[in-house]
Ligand SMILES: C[S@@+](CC[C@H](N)C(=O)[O-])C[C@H]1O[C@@H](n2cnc3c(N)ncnc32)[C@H](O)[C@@H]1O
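Before any questions on binding or motion, here is one chain by itself as structure tokens, the form predicted alone.
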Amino acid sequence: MTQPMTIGECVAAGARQLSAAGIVDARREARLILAHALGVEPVAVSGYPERPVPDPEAFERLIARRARREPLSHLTGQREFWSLTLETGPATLDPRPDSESLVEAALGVVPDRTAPLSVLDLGTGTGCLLLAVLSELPRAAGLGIDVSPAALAVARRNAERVGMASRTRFEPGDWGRRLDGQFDLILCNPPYIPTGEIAELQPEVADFEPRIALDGGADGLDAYRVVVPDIMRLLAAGGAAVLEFGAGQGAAVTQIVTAEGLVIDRMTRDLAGHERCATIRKR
């Protein structure tokens, strides 16, 4: 009788397949995929390589998907952002570590974190930005807007998952159009990749993430021309908006913001040192 493969053998075989597909850190990803397939914590894979894997087929199917460059988060169905474990998948843009810069900037403009603030997240996707900010503002409540019903469903499940359903609403909308009210804090990470550059992105992004969440039009700035006037109308006096943008787009975004009569309070850099988001106020 053929002996079942061990954990170590599965990881080694998976890593070879992923490495051949051009995936960086293939061994680490193979361990994470095996842990997910087995329903165990990654430490159980790292610490017990001699244990048998009686039925490795689920693992092999997942490895084959990852070798086709499907994102790891789509395989596991989740990703961590701001220490929150959130559901993600084909309907939403994956939360990026660089977007934590937006969360830091947003929290930096709140003098009293116990205040009952109203927060608006335009283009909410997974809800990651809104939920991250609310996790630090215990009396704040938030509204997430997205044009995609599938994304809104993910965001609602994430709010339930992290215990914030009672402080959040998620509604369909085209940015801030037809939205009423005033908000103390507005968050927005619009699509900012120029249309002609999308095909040059990594396959995980270009082939598997929703194009509507990536495509910023010919110059990458189409959404900003719509969102900034919405911010002007919806931002409460004394409030602030934090707007994410792509590397090298700071000057163009500044021009759009100031032309609307708003001012940029500060620019925040991401992990790579690039200007990543603008903190915006009314004059």
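Start at 1 and count along the sequence shown; that's the residue number. This structure is a prediction, so every number in the text was calculated from the model and none was measured.
Below, we turn to the form predicted in complex with the ligand, even though it does not appear here.
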Just give me the single entry in Asp174, Glu104, Glu197, Glu80 that has a non-hydrogen atom within 4.5 angstroms of the ligand in the predicted bound form.
Asp174
In the predicted bound form, does Ser73 come within 4.5 Å of the ligand, counting heavy atoms only?
no
Please determine whether Val109 contacts the ligand in the predicted bound form, using a 4.5 Å cut-off between heavy atoms.
no
Applying a 4.5 Å heavy atom distance criterion, does Ala165 contact the ligand in the predicted bound form?
no
Quick one: is Gly89 in contact with the ligand in the predicted bound form, heavy atoms, 4.5 Å cut-off?
no
Where, among 110 to 118, 123 to 131, 200 to 208, 156 to 164, do residues come within 4.5 Å of the ligand in the predicted bound form by heavy atom distance?
123 to 131
Going through 184 to 201, which residues have a heavy atom within 4.5 Å of the ligand in the predicted bound form? Please give them in sequence order.
Asn189, Pro190, Pro191
